[in-house]
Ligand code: CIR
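Only one chain is included here, represented as structure tokens and corresponding to the form predicted on its own.
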């Protein structure tokens, strides 16, 4: 039996545009190299396709520098798709551009209209529940709006806290399988993963926490050898992908795609 929390038939990505060098960032660590970012993005898409999934590659949106980080615009579940309301004002317009491809695949989609805000980077879907981290980009009203939708579709939502100074909940965690979560020690210390098996990133390699399980593969950013070896020793089929340029914009593996199986 496949697990809908990491077994998918489809993914949506968006190629970075030239304007991506003007994207949001919590700390300025230098201007991203667009050529290198495009190479990394192409490798990412190739890995998704290698699993047999259908990957829908959208064109850049030059008016929205952060639009390559498509995960923040929507939550895609087996039974429904929900358009988010990003907490960064400059990203609000990205949502309209995600509506059409999702409506094509799902038919009708839900939409969070406010007054709250919520981003997909704060949402971790497991086989038993939907965890939503409160953060600078996701507030209580946004969480409540999402809860009112997903509970109608039979899902359980649990609100948790993102550590202070961490952009998104999934900056510090990712799903590895039905019972296992990869997390930083600082996030796990909050107790939010009680009942799950938790594997910790190596000290100094906290940025490796944002990986994705996509069908049989685990995609993680390159450059974190101790965490990578730990995951291989645990039996995961790992693919390391360059992420140096997206990281300058606080982006990681999960940010770059929407992963789902639309209704058949």
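Positions refer to the first chain, counted from 1. Predicted, not measured: the structure shown is a model, and the values here were computed from it.
The same protein also has a form predicted together with this ligand, omitted here; what follows describes it.
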Is every one of 69, 91 and 250 in contact with this ligand in the predicted complex, taking contact as a heavy atom within 4.5 Å? yes
Testing 95-103, 69-77, 185-193, 128-136 against this ligand in the predicted complex with a 4.5 Å heavy atom criterion leaves exactly one stretch, namely 69-77
How about residue 255: is it within 4.5 Å of this ligand in the predicted complex, going by heavy atoms? yes
If you check in the predicted complex, is residue 124 within 4.5 Å of this ligand, heavy atoms only? no
Would residue 167 count as a contact of this ligand in the predicted complex, using a 4.5 angstroms cut-off between non-hydrogen atoms? yes
